[in-house]
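Let's start with one chain on its own, the form predicted on its own, as structure tokens.
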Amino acid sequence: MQTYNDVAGAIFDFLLAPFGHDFALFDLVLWPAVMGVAALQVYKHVSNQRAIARVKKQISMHLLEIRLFRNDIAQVLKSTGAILVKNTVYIGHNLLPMAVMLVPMVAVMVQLVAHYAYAPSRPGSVELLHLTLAPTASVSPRDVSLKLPPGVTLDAPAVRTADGQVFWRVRAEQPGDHVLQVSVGGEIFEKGWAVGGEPRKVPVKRLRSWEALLYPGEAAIPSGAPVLSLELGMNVRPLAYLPDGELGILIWAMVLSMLAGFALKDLFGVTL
């Protein structure tokens, strides 16, 4: 998991933000369009193009039957049933190319979110640092402590719960890329905190589960560690001309890639 994040991060950190993180519009238009073109190539070489064209033609014929024989209830029901069957066949022809596209498309969208969905915290802001212990951990919340770097102060005493969670309110006194250190039974876990400065790739969550693949902003927690997650408050980066936040970027990337695919399908000779 961490090896994948390291490799994908190295590649996309090089490819993304060629004009700096201030100009998010370039990547958020270019890469979804590239995904749409890549999806066309997958459909062209992986799907059964002849079968897709044939079943679409059959669906059109049955739709025409419904229009021509709209006064014949039996024929309308027969044609409607045939359309449902052919639609199922059509979906079946699309499953393989969709499965092939899923991993690379998710990889690109995750990197777009990591680079452009979050903003650094403002100097003077107060955030909640949240640690969750693994159910199998041999340490209790009382064995957890926090060490803060210069420029970060504790705003309130730690709150520990019986179900293995610890919360700290921390204040950003100075800008910078700070590293907070959490000691769990003597084992140190670091959590980054981006404060102030220019837009950049902002660390948000450190996770131990497979969800770490969705948050490549910092290293995943090792699989055998007593900690499940380390989270710090998210600050959504406003994007002037595009939907912002995780969900906004994901929806935007998906919709734009689909529009690019449909717009260019004839150019590439692909039947969708």
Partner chain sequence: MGIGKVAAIACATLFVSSSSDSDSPDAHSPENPGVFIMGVDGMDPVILSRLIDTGKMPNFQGLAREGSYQSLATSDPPQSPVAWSNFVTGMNPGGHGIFDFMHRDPATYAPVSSATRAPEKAGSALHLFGYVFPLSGSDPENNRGGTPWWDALIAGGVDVEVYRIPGNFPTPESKAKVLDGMGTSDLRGGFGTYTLYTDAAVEKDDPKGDIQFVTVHDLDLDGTPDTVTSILRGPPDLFHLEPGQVPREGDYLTIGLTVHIDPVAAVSVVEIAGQRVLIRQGEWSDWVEVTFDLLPMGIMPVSGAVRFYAKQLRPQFQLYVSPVNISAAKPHTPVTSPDDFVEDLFAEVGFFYTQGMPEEQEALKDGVFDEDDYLKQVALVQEDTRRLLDLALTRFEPGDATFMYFSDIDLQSHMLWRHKDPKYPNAPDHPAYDAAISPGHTRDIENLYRDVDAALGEVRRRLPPGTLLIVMSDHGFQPFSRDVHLNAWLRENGYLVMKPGKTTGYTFGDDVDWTQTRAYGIGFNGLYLNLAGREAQGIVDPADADALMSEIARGLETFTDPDRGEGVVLRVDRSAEIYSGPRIGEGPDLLVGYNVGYGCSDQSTLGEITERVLEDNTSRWSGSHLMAAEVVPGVLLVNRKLSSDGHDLTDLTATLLSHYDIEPLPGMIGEPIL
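Residue numbers count along the first chain shown, from 1. Nothing here was measured: the structure is a model prediction, and the numbers come from that model.
Not on display, but discussed next: the form predicted together with the partner chain.
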Original post:
Any chance A263 has a heavy atom within 4.5 Å of the partner chain in the model of the complex?
Top reply: yes
Notebook entry, point to check: Does L250 make contact with the partner chain in the model of the complex, using a 4.5 Å heavy atom cut-off?
Noted result: no
Taking the partner chain as it sits in the model of the complex, is L64 near enough to touch it, meaning that at least one heavy atom pair lies within 4.5 angstroms?
no
Flag W168 as yes or no: does it have a non-hydrogen atom within 4.5 angstroms of any non-hydrogen atom of the partner chain in the model of the complex? yes
With the partner omitted here, the residue among V103, A74, I188, A162 that in the model of the complex has a heavy atom within 4.5 Å of the partner chain is A162
Answer key: of L96, A107, V89, A158, within 4.5 Å of the partner chain in the model of the complex (heavy atoms) is A158
For the partner chain in the model of the complex, the stretch among 126-134, 175-183, 79-87, 191-199 with residues bearing a heavy atom within 4.5 Å is 126-134
Contacts from 228-253 to the partner chain in the model of the complex (any heavy atom within 4.5 Å), listed N to C, are L239, A240, Y241, L242, W252
